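Single chain ahead, written as structure tokens, the form predicted on its own.
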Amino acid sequence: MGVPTAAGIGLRTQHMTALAAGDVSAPAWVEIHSENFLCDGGPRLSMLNAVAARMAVSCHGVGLSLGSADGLDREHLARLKLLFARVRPGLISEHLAWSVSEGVYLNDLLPLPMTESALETVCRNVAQAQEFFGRRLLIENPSTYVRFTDADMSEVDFLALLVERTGCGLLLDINNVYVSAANNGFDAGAYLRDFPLAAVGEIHLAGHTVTGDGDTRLLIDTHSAQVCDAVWDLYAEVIARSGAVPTLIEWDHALPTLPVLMNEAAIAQRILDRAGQHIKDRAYVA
């Protein structure tokens, strides 16, 4: 089932029973963290199957480690492919990051230097994953907290070249852009104006945590709060330029009730609807 051009929510364990049973109003679509469902059976997979029968599903991975010079784990690829065959997700995505070294998995999404060498590694791994899955993979821009001293290109140029060389798509996380801009001293609006929006197949919105003050101020991408006003403003600007794109509300920690999540999705939906009406109005005038 294809993912609709609408606002969805992340599917989390606390809400699965109600959504699987149809006890609540269903969102337009849901996204899962793929690695939480790499099992052969059991109640969790059974509930996911029930959810997938009611609404579209997107699979968002955290373990491929596309930046690993060692290459991809073929066993992990095979388990993901089996999950995709079971769930038939409308979209599949991964992070621009690395988390594996010499077979050891690290519990983090670690950043990559924006260098030609790193780009070649990521291109090779993305191409392998897409060939194995037989479909396009969306790559998410990271949240960053420091800058590498050596860089051959900007992050936007890195992602644009990745799209050009592999045919992949992009998952634009606007909260990640806002967090990275605040932490590293660049203009989030300028970043987004340069972003290759034509390649974006999905957008993520989330909340973050602010720590420290002054020189010690740091934004952390915790997915533990409502989307802030500044991120909503950036999202509206992007949608005004790109048109409607499937948009996910991510919330992983301090998880609220389902109505709170659905209210955040409703805000995103209103912005998507305004963009759709604007496009219709322009077509009518033309």
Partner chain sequence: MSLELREMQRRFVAAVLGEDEASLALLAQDTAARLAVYRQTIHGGLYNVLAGAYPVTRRLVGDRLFTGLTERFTAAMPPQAPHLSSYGEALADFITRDDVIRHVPYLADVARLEWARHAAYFAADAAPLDLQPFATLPPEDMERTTVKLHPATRLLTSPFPLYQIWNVHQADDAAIPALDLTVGSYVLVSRRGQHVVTREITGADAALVAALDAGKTLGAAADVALAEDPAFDLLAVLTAHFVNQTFRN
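Since this is a predicted model, take the numbers as computed values, not measurements. Residue numbers count along the first chain shown, from 1.
If you look for the form predicted together with the partner chain, you will not find it shown, but the lines that follow are about it.
> Quick check for you: of 162 to 170, 131 to 139, 202 to 210, 178 to 186, which stretch puts a non-hydrogen atom within 4.5 Å of the partner chain in the model of the complex?
Only one stretch qualifies here: 178 to 186.
> So, 70, 108 and 144: all three within 4.5 Å of the partner chain in the model of the complex by heavy atoms, or not?
Verified in the model of the complex; spot residues all in contact, yes.
> Just to confirm, residue 87 within 4.5 Å of the partner chain in the model of the complex by heavy atoms?
No, residue 87 stays farther than 4.5 Å from the partner chain in the model of the complex.
> So in the model of the complex, does any heavy atom of residue 81 sit within 4.5 Å of the partner chain?
Contact with the partner chain, no.
> Would residue 104 show up as a contact with the partner chain in the model of the complex if we use heavy atoms at 4.5 Å?
Residue 104 belongs to the contact set for the partner chain.
> Does the 4.5 Å heavy atom contact test between residue 76 and the partner chain in the model of the complex come out positive?
Output for residue 76 is yes: heavy atoms within 4.5 Å of the partner chain.
> Suppose contact means any heavy atom within 4.5 Å; which members of 203 to 234 contact the partner chain in the model of the complex?
Contacts from 203 to 234: 218, 220.
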